[in-house]
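Let's start with one chain on its own, the form predicted alone, as structure tokens.
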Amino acid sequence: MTGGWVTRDAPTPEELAACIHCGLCLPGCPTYRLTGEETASPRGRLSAMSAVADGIAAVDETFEEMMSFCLQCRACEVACPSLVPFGRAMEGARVELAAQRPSPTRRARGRLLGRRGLGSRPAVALVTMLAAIGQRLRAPRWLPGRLGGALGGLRPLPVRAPSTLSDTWEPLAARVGTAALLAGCVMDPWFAGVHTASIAVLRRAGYRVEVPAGQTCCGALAAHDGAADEARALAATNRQAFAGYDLIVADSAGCGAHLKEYESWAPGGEGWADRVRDITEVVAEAIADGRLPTQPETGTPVAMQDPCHLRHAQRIIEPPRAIVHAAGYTPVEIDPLAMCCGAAGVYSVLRPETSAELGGRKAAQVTATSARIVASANPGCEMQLRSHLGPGYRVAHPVELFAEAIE
């Protein structure tokens, strides 16, 4: 079998040539830190991609193992002096795997992560209802096998989850603009508390909040898994749904990071990325402007967990800390490198052992402090932390903590 790419999404020569193999990415790469193997490092993966592009190697089982072991945390991008767009290259390599190594399992996963799965509100509602019933049965393993481990940290779910879709809320202060909120796929039914807090705080900051009809799943999980057609279709749908808004707000770090990169999936003119903001950016800005109040310090510590797609992909570090501080808490740092917690979308299902190892390490960083509250701005990270921390700890979005404090 000869090498070479077959799709338009494959890593480009420019992306691959940017790597100078300096190794500055190695300390921040979780899989390299776990194994010490070059094939588990960013530069090792880029070398493998270059070998395929040059016809030296093939998209075979070895290549698939190297690419699928990656968490796509993008910590390497922060350390890279050559600004290699590793996340984009890895997404392209995953698309090539889907094209050159198709399988019934991969196709089924693509449908699950695409329009007929996460992109279908009836399908998500059905899964939510079944999961809620399973929680109420209090079975030791209310979900089978790997799914039980991956979703064990879910919040308690309502059997009939309310939806914010198509709703509108007027501002509670002098109006400064309109914020269009991404409802998402599982955020709406599984993390309704985050939406409720985001809407409440945005209204107090002077925003009219709208949840546009016609929107769908952001498509991040499909893109990360190589389901390019599904990712493009979901992105195009959201482009249309949010077309008339100057401010688009996401309260899930992974969703926000992917929305900001829609130009790669559904090109539609300049300025889209500038219109997308993470909720922590908007709230921290309103606090700094005096449009939102700050609370007296209580001295209660809150451990700050940095989701990869907030810190590494969006380069957002200070806003969550400013929000937690404004809520009266004391932010506590747990990891200067912000190593991945191991959730990584569907990684916890596909690679449960590695995911559990990283989750345990992240939990240990929390338990080494006096904090019993953890702030995390991404749903997958929240579930991972809750699973590994166990009873006695609360994991919440920074904006939830702030909304409670000012109410």
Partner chain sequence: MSLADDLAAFLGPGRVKTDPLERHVYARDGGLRTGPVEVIVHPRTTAEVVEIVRTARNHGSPVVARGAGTGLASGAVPTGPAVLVVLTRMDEIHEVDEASRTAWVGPGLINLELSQHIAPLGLHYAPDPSSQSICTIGGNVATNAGGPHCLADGTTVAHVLGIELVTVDGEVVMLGGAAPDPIGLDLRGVVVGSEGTVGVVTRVLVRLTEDAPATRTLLLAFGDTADAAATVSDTVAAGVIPAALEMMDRVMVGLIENWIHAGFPTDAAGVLLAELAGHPAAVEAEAEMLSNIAKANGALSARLAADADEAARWWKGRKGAFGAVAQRAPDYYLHDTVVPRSRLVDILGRVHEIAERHDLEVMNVFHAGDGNLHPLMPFDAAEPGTLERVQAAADEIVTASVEAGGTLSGEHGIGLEKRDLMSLVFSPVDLDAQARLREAFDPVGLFNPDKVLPAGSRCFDYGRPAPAQ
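Predicted model, so just to flag it, every value in this text is computed and none were measured. Positions refer to the first chain, counted from 1.
Beyond the structure shown, there is the form predicted in complex with the partner chain, which is absent from this document and is the topic of what follows.
- Item | Partner-contacting position among P296, P156, G290, P81 - heavy atom within 4.5 Å of the partner chain in the predicted complex | It is P81 that has a heavy atom within 4.5 Å of the partner.
- Query: With the partner left out of view, is P352 within 4.5 angstroms of the partner chain in the predicted complex by any non-hydrogen atom?
  - Reply: No, P352 is distant from the partner.
- Message: Would you classify Q365 as touching the partner chain in the predicted complex, given a 4.5 Å non-hydrogen atom cut-off?
- Response: Contact with the partner chain, no.
- Item | Distance check, G36 to the partner chain in the predicted complex, heavy atom within 4.5 Å | Yes.
- Query: Heavy atoms within 4.5 Å of the partner chain in the predicted complex: does H21 have any?
  - Reply: Judged by the heavy-atom cut-off of 4.5 Å, H21 is in contact with the partner chain in the predicted complex.
- Query: Each of L26, I56 and T62 near the partner chain in the predicted complex, meaning some heavy atom within 4.5 Å?
  - Reply: Every residue of the candidate spot has a heavy atom within 4.5 Å of the partner chain in the predicted complex.
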